[in-house]
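Just the one chain here, the form predicted on its own, laid out as structure tokens.
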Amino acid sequence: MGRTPFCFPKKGIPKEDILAEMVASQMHDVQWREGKTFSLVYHAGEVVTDLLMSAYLLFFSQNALNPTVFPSLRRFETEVVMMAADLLGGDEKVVGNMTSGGTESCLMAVKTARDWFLSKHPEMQKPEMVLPISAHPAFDKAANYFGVKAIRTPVREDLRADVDAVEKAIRPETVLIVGTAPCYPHGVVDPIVELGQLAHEKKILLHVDACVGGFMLPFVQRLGYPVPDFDFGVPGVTSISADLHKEYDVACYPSSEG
């Protein structure tokens, strides 16, 4: 197009030229409409795609940063969180928010646990969290961001969290236990019921990273397949992250906890 790449243009570019270049670049992308992707795009058909595009364009310029200016966006977020909470075994006490994706929701879960713990134990300045080696690397990022030491524990032969190892790793500084439903690389659900019992006994928060299974496992269960308990119906579970992998994410927390 007659311009040097990676330099700010010296003059405007016609709309047609910009769109033509974008279309040409897109030809090198994976053809997701043909089912050539895994986890990145879920094509539910042209009817759903058209609806999503129309809805997106309706709110193209609105900014959810200020819900007092755009109360419609606040309403949509609230309704999505309520539906997600209901799907995940929660009740009217569950609160939450939409984030940019699974990583941010994991970050927020760790920050929430840290802040909750330090509000009750301000003398503790070196919080820790216990999580299996199979837990998502986002938790290591959260550890670095928020000053929470990540204590990784081994998994069992079936690649699920070893509850005994988790228990042995718990210390007075432990603010959070993490379980996954399911673990992304292996597709197995950690023993959330046992982890919930442990968290309840130790009075520690338990986050379930369901960023793969949150909006999948409930429907798999309804189809009649056996699914281990993993949601707010499990005593001890205090937060869940769930998404469409990778579109948007919902993080939910029981507001009555603690």
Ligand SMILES: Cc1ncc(COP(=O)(O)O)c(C=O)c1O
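None of these values were measured; they are calculated from a predicted model. One-based numbering along the sequence shown.
Keep in mind that the form predicted together with the ligand is missing from the display, and what follows is about it.
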Verify the contact flag for residue 136: yes if a non-hydrogen atom of it lies within 4.5 Å of a non-hydrogen atom of the ligand in the predicted bound form, no if not.
-> yes
Any of the heavy atoms of residue 132 lying within 4.5 Å of the ligand in the predicted bound form?
-> no
With heavy atoms only and a cut-off of 4.5 Å, decide whether residue 103 touches the ligand in the predicted bound form.
-> yes
Report whether the minimum heavy atom distance between residue 211 and the ligand in the predicted bound form is within 4.5 Å.
-> yes
Partner-proximal stretch of 157-165, 114-122, 90-98, 178-186 relative to the ligand in the predicted bound form, 4.5 angstroms, heavy atom | 178-186
